[in-house]
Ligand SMILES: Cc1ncc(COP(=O)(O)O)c(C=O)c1O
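Quick heads-up: it's one chain on its own, the form predicted alone, in structure tokens.
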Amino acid sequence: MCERVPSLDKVRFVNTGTEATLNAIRAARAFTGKQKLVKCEGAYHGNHDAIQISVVPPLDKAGDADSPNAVKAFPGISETVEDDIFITPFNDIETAERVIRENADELAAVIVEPVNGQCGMVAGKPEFLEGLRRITDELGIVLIFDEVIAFRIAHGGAQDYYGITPDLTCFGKVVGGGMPVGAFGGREDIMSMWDPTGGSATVQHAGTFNGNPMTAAAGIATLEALTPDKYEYLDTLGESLRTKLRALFAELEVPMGVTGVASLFALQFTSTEVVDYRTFATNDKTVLQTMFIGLLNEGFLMSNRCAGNVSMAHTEDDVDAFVTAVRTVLKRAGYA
């Protein structure tokens, strides 16, 4: 992992992406001596209290688009966490810079998905991600990349794809070859807080199954198999899929779009360009559900938000079969 990912001086393994973001946030707080965070509206970073905020907030509670409220995802989350987090729109560097600068004295970290999975594999704009790096670097705030999903877009992950080096990175899924896994790592000075050689570590990290041998073996085999040429193939196949879907939607004059990057994609049931949570919220949820069930009937299982990915098992024939299945579902729904 350290040879592969630009930002990793050291890495520690856990069992889930949730544990990865939990420990990265804890590290940022311990390292900076500050408490508060910035995250993007509509981003999912795991199932722990600190970050289960404004994941899919109701718009009547979410506040203004350029000054979103912090909204707890569901009951049972600590009453204080909303006070410890500031929300900014994804892909809006002007608003993000204002939020960060206004609260810089209290901020431990900014956490961001380079590709927003919750909103349909929406790729971060280079100027947005580069801006976050510039501002956090200037102000001494830890920048955390959540690459639990985005790691699959390049050999060295999204940070390799974009050419941006965060301070800490969180991983899951891909690095375990299908086994339960998570990981987090980054700068030597931050990761050294777990070093016990001075008598005791600054930050504790316990877990019976952390870095277990079965997951490690599966992860090594997967990463060794995913060579740079494999990512070139996946890029080509993913772009082919998105191009053919866009051509289909134009042909049928259906108010739909497709988002994604590299091997990732998602169907969007809106004529609005989806770049963040508010534009994602314009999706027609009835048509989305119709498509999800319809594709199941055609033999294609996607997430319940109609997001998915191509893999090395897929070919151009699979892409064509999927596009045909989407056409079939739309025809049944009265669009063709």
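The first residue of the sequence shown is number 1, and the count goes up from there. These numbers were taken from a predicted model, which means no experiment stands behind them.
In what follows, reference is made to the form predicted together with this ligand, a form of this protein that is not presented.
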Is A262 close enough to touch this ligand in the predicted complex, meaning at least one heavy atom pair within 4.5 Å? no
Using 4.5 Å between non-hydrogen atoms, is Y44 touching this ligand in the predicted complex? yes
So, I149 and this ligand: in the predicted complex, are they within 4.5 Å at any heavy atom pair? yes
When the contact criterion is heavy atoms within 4.5 Å, does K244 count as touching this ligand in the predicted complex? no
Go through 292-300, 44-52, 61-69, 26-34 and give me the stretch that gets within 4.5 Å of this ligand in the predicted complex, heavy atoms only. 44-52
Quick one: from H205, K173, R133, R187, grab the residue that has a heavy atom within 4.5 Å of this ligand in the predicted complex. K173
Even though the chain is shown alone, can you say which residues of 1-19 have a heavy atom within 4.5 Å of this ligand in the predicted complex? T16, G17, T18
